[in-house]
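Form predicted on its own, single chain, as structure tokens, below.
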Amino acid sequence: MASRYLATYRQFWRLNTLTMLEYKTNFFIWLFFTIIYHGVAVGTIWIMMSRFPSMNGWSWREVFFLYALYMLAHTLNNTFFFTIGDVPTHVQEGDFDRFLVRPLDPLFQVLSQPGQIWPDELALAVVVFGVAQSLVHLQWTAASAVLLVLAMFGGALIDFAIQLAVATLSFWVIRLDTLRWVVMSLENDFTRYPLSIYNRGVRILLAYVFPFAFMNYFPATTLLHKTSGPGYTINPALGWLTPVIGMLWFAGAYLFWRAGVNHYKGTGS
């Protein structure tokens, strides 16, 4: 069974690669857009930090590092799990049924359906992180290297699990564009800056309700030895909990997904 899934997934990436090679102009346009998008985000951080040189003890280089660490996890999720966002559309259009009649797990089919998934954003994230870590003079040790890998993969799992949970709601709500927009805004906007600058309510929301802080803030505080600062103290162990939080969230989201699939009655089209 494992070899069957692996062969199917290889076929998915073969089709995806052929699609990229067939539409080269589309690929370069998307690459250009990706660079502009993240360039604007980094530019916004630079403008903000030029007015406030220290953001609750964080310099602009450290805030840039925070964003680069987030990019690694987020783009890894987008590279392998991006198509989970198509579930609400499948439900709305009534074609989710086709995933239920095939002899493969529905979630696997959603994640491996033909589409245009570009690995360029992940490559760009690696380059941006390389620049960011040199600017903060990250002290590389075996522990920091392991922590970085755990933060990257654990953060991607957190990102995917939250998107999976939101997508699963479409089995009941059918249309949830507003909720998806709210969650995406929380992730994209609030993870750019240190969690410590926000009020208590936002800190609780980003650490315990939607644990985006585990994607970059907590690992960054451990990597940069910034577990204490003006008005806050953080347990360094929190930086190592990202993969644990990711696995717990994925387990819960997958159980929720199974409940949603069992509840699905079809919308017809």
Partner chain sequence: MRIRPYVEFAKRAFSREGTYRTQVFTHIGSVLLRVFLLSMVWTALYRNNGEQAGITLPAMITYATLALLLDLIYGVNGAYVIREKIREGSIAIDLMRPISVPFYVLADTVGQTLFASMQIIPALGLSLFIVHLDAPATLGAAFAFLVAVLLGFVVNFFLDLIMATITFWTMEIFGVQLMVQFISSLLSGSLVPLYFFPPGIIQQLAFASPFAAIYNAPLSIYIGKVTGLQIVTTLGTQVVWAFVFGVVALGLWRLGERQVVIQGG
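Bear in mind the structure is a predicted one, so any value in this text is a computation, not a measurement. Positions refer to the first chain, counted from 1.
Below, we refer to the form predicted together with the partner chain, which is not included among the displayed structures.
**Q** Does the partner chain come within 4.5 Å of any heavy atom of residue 138 in the predicted bound form?
**A** The answer is no: residue 138 has no heavy atom within 4.5 Å of the partner chain.
**Q** Tell me, yes or no, whether residue 227 is in contact with the partner chain in the predicted bound form, where a contact means a heavy atom of each within 4.5 Å.
**A** Residue 227: no, not in contact with the partner chain in the predicted bound form.
**Q** Do residue 197 and the partner chain come within 4.5 Å of each other in the predicted bound form, heavy atoms counted?
**A** Residue 197: yes, in contact with the partner chain in the predicted bound form.
**Q** Wondering, does residue 44 line up within 4.5 Å of the partner chain in the predicted bound form on heavy atoms?
**A** Yes - in the predicted bound form, heavy atoms of residue 44 and the partner chain come within 4.5 Å of each other.
**Q** Can we say 48, 182 and 193 each have a non-hydrogen atom within 4.5 Å of the partner chain in the predicted bound form?
**A** Per the other structure, all of 48, 182 and 193 touch the partner chain.
**Q** Partner absent here, but in the predicted bound form, which of 66-74, 207-215, 51-59, 237-245 has residues with a heavy atom within 4.5 Å of the partner chain?
**A** Stretch with heavy atoms near the partner: 51-59.
**Q** Sequence order please: the residues of 137-168 with a heavy atom within 4.5 Å of the partner chain in the predicted bound form.
**A** Contacting residues: none.
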